[in-house]
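The chain below stands alone and is given as structure tokens, in the form predicted on its own.
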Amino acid sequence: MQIAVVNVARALAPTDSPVLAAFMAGLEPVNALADSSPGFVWRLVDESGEDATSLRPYEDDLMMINLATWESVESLFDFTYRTAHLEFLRRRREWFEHLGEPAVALWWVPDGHRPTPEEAVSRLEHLRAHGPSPEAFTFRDRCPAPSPRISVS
């Protein structure tokens, strides 16, 4: 099993505005860092192949999505909080609104599965409605990977 993670955010302004200039400038190096980090598997990209900043999972044009899979919660946690990504994360209020509800959800997926934005939004909505569970959880309230199914023939 691999871990999927979705992160949504509502930008303070359009991506081509001066408000988001530093965020947009830092996105490529942060994505490159993720791509080369131990445990990284896959991340959602738009038609540019660079990032997912043009994708809109909600009707709100300022809502953005980041969706990825990793080999383990630990490898995702290490990238998120123990690399240069953390400095980028600390600056998020310069670029994004505080949503007042969970913006990040994790869940287990079979190896090689690539979640869609719709699946990711559904998992995040489940977390918001029901709290952490095997369907969607957080770094703070982690759920163990389900046991692999054993077929008996």
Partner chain sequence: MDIEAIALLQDPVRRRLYEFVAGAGADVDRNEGSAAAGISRTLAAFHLDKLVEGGLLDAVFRRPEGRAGPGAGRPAKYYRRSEGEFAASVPPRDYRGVASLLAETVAEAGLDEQAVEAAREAGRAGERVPLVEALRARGYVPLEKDGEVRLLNCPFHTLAEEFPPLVCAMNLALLEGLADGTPWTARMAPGAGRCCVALSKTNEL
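Quick caveat: nothing in here was measured; it's all calculated off a predicted structure. Residue numbers count along the first chain shown, from 1.
Note that the form predicted together with the partner chain isn't included here; everything after this is about it.
Of the candidate stretches 108-116, 95-103, 51-59, 37-45, only 95-103 contains residues with a heavy atom within 4.5 Å of the partner chain in the predicted complex. When the partner chain is considered in the predicted complex, A32 lies well away from it, no heavy atom lying within 4.5 Å. Taking the partner from elsewhere, T83 is found to have a heavy atom lying within 4.5 Å of the partner chain in the predicted complex. Within 4.5 Å of any heavy atom of the partner chain in the predicted complex lies no heavy atom of E125.
For the chain shown alone, E28 is not a contact residue for the partner chain in the predicted complex, no non-hydrogen atom being within 4.5 angstroms.
The partner is not shown here, but in the predicted complex the stretch 113-146 reaches within 4.5 angstroms of the partner chain through a heavy atom at R140 alone.
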